[in-house]
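We begin with a single chain expressed as structure tokens, specifically the form predicted alone.
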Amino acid sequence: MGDGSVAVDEVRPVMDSSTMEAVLWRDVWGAFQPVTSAGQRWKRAVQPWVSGQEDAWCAALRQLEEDAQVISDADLRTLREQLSRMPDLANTLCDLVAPAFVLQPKHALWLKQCAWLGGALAEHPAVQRMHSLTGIPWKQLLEMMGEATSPAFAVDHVGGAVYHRAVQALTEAVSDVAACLRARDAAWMETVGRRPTRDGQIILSLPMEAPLANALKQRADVRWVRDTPFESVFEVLSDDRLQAALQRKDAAQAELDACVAAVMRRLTDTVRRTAPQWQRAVDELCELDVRLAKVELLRRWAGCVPQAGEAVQMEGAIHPAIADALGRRGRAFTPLSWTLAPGVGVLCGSNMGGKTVAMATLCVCQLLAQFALPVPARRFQTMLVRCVRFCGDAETDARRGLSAFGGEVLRWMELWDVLQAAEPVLVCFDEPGKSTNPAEGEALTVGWVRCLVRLAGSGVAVMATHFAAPLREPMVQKFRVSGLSSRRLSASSKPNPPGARTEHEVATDDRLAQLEGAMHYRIESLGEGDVPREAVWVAEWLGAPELLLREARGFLERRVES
């Protein structure tokens, strides 16, 4: 199976914990759900494909595309429901390595259920169209359990003549004991007018039956147990005939137990000799489970199968975790389209404009593609990279006594090591330098852009920023999140001026909702010298003081002139 295995010691992890948290990877990864225990173990162990493994990666993508073409929604539901019943054989097959281990009937039942399930699935037309579960002797594995007409298992199925004679002997002994008990019960019924209880006791009510109780205390075939204010309790002793019958039953049971142990040892030896076939059967069922889980994810997301290319191109992409969160609030995720050639891209746009979400979506789509999983997009093309990193908001680390900027610099140092050690990479920076003073923050951002131009190589680096200087750097791709629509915003009712107190005053939450509704969230290419400005306009629309707006516009005009 194309499991994406890679000698991870040769490269740094494809993603680190900071990246996983920043892009909500665990939420996205959680949507991929194999239904068998083996499939879930595969999911926990699988590694993504990386640069240098393109042939195997492309083969895995082709398999996903072919599977999606031959499996209907009804087949998908049926097959996954059947696979969900597969027992977990991992411990049983592992224990077989120990010479002293002997299968118990429950282990044999699990093995037989696996063989029964595999045989049934192998005959399903959709599985045959997938060319899955081939080459496994399902019928032989099933017959190894002694009976091939049902998934049930009993020692009877593999017992043999000696075992069946032992069963017959025990049956006869049990019958003799039952006959003795019936004779005993009949005798006591005649003597005291009642049969002993299932525990072999006779219970007499006091004081009504005190004379009978006193008489029984004188008999040798019962043992007085106790008296209470309400009853007298006696234990009926076994006579010689019943005693002999019970001894024959115990001996027959011991003989049968020995036969069962011998039968299970023989079965264990047989299964142990064929352990590789059983392991291969489990592996193939696991592979089928994983392949079906990929198709299920593809359908659920209405996504696409990634394609190999020399640039990153996503069309109509969504971030599933963010889209789900928005859906719970009655809002929709705006699909993103973005083309990034190898090298450095600078992404600008207003706050609320979706820069962070765009980069997180890019990282999630890239990671899904490198696992040969469906991508939540109409189309996604990319190349394999050695690692994916997201450098997000810096926060103060109180435990280490670091300021927000100090923590950000340490994260930069980690990313610098990655850029030196692995190539190609996909790395995203979310507004670097914003945790220090603007002048130095802008200078450091420009420094990063220039370094990335040298270090990115055939990989992709994206820098989201509010600073204007990085957009003037040569040899970088320039983008903006298109942001506000003046037409949409004008169509909204403008908030009342500050201080107004009318019954129609717009609440702050309503203002922000209208503002959010006017956002485009589309990624556009920028021409040389384009520096988007929307903040003053938004402040005006929200009702900021006119004096503040005049001063801000004047400062911007003087800055442009200088």
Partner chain sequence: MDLVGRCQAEGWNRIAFVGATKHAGKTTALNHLVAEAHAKGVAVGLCSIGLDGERLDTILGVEKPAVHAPEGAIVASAERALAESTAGLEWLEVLPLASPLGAVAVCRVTRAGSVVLAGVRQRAHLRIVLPRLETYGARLQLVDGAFDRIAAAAPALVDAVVLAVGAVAGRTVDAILRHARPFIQRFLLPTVPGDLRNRLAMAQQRQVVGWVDGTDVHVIEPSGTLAGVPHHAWTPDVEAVYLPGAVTDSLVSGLLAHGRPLTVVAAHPAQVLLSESSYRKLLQAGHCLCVWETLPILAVAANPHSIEGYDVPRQALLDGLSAWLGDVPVFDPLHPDGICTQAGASRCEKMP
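Numbering follows the first chain given and starts at 1. What you see is a predicted model, and the numbers here were worked out from it, not measured in a lab. What we label the rigid core is the largest C-alpha set whose atoms superpose within 1.5 Å from one form to the other.
Below: the form predicted together with its partner chain, not depicted.
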Q | Interface stretch in the predicted bound form with its partner chain - options 252-260, 412-420, 237-245, 325-333, non-hydrogen atom within 4.5 Å | A | 252-260
Q. Taking its partner chain in the predicted bound form as the reference, which of A152, A210, A311, C451 has a non-hydrogen atom within 4.5 Å?
A. A152
Q. From the list I203, A120, A90, A302, which entry has a heavy atom within 4.5 Å of its partner chain in the predicted bound form?
A. I203
**Q.** Any non-hydrogen atom of R273 within 4.5 angstroms of its partner chain in the predicted bound form
**A.** no
(Q) Quick check on T191: any heavy atom within 4.5 Å of its partner chain in the predicted bound form? (A) no
Q) Can Q218 be called a contact residue for its partner chain in the predicted bound form at 4.5 Å between heavy atoms? A) no
(Q) So in the predicted bound form, is its partner chain close enough to T134 to count as touching (4.5 Å, heavy atoms)? (A) no
Q. Within 181-198, which residues have a heavy atom closer than or equal to 4.5 Å from its partner chain in the predicted bound form?
A. T197, R198
Q.
D227: after superposing the rigid core, is there a C-alpha shift of 2 Å or more between this form and the one not shown?
A. yes
(Q) After a rigid core superposition, would you say the CA of R329 moves by 2 angstroms or more between this form and the one not shown, or not? (A) no
Q) Would you say A100 moves its Cα by 2 Å or more between this form and the one not shown, aligning on the core? A) no
